[in-house]
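Have a look below at one chain only, the form predicted alone, in structure tokens format.
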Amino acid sequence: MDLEYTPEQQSFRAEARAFLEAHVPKNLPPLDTPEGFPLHVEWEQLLFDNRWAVVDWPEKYGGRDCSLLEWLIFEEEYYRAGGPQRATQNGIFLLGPTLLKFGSEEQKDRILTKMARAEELWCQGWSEPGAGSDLAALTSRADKVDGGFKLYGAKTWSTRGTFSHKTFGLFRTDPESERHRGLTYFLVDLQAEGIGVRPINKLDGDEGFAEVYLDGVFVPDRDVLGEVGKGWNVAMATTGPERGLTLRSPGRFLAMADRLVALAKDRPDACDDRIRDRVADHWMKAEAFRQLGLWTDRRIAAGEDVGAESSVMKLHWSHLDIDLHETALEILGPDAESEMKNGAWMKSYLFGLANPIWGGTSEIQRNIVAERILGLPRK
């Protein structure tokens, strides 16, 4: 695999680095708080105004028509500069690519630019109180009525649901269907009549999640994404990016590994040979994820379908994130308790504990790898 960057890609990196070093905000309040969220949205709007919000999207929606490789370069520079967590991530990294693939031209024109500009913020409506990680076991339903559907049920663990304007998710439109069949993908306005949103506080106390209740919520036909009854195929296009590169890009872990190395150098008395070996191991695994991202880019550029291999990426970064944080906390020792503010090690560790659960548990990912990649039989 050729790992050399072209002069054009190097120029793109230099332009991104210059902008980010000059404009990345410092010491923002945490994203999932009433005081922090609006400030993060302002940052998203500045990114959009300078065409950095969605670099790999078409220009007509605010992007730069960049390749996946250029997006990976941008992500490396974004986290290298200390860029904050993206308030728009569920829209631009999950729903956006799905709309580009399955959406009608009317839906793309109506939704994508507002999404990229952070004018309309989206959360996901996948998990349900009784279904856990088994998405196909959902029971929320959509009944056909004149001009659209009425939605009933509940969704939970909707990231940033407290602060979002809209949600996307699956509902069962065929009451006789089971599992993956008879599901339809809907785009839902959280201000619609019949919607209820209840915040769920995270371990650190921030309002990072919400439960969404739907009691006869009307959704017009124009807000069905893809074909009625074929929502599972659409949803898999959404969960692929979630499990793979987009929500947790290699650049994020490269920057985190560099922070860990700097922490170890700053506190040599707290680092014996065992800890130093762990720091080196984590740095190599972050670099391995970068190489995996580059390999994935080459395969996609050649027209290959990554498919189930996104589960390998999900397993890798889910546990690498926890390992990086646990080593940092061991180096910090008692000082870790004072590191709760502004997204420092302890605060981000508390969220990272959920990585092996959200986006499909590690157990589910291992089953996918075993069955679909290794060809092992089911029990």
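Since the structure is predicted, the reported quantities are computational estimates derived from the model, not experimental observations. One rule holds for the numbers: they count along the sequence shown, beginning at 1.
The same protein also exists as the form predicted in complex with a small molecule; that form is not shown, yet it is the one meant from here on.
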Inset, instruction - Taking 4.5 Å between heavy atoms as the contact cutoff, choose which of 185, 289, 163, 209 touches the small molecule in the predicted bound form. - result: 209
Legend entry - Residue (of 71, 149, 126, 78) lying close to the small molecule in the predicted bound form, criterion heavy atoms within 4.5 Å: 126
Inset, instruction - May I ask you to state whether residue 88 is within 4.5 Å of the small molecule in the predicted bound form, using heavy atom distances? - result: no
Inset, instruction - Examine residue 19 and determine whether its closest non-hydrogen atom to the small molecule in the predicted bound form is within 4.5 angstroms. - result: no
Inset, instruction - Indicate whether residue 358 is a 4.5 Å heavy atom neighbour of the small molecule in the predicted bound form. - result: yes
Inset, instruction - Answer for residue 15 alone: is it within 4.5 Å of the small molecule in the predicted bound form, judged on heavy atom distances? - result: no
Inset, instruction - Considering the small molecule in the predicted bound form, find the one stretch among 31 to 39, 317 to 325, 49 to 57, 348 to 356 with heavy atoms no farther than 4.5 Å from it. - result: 348 to 356
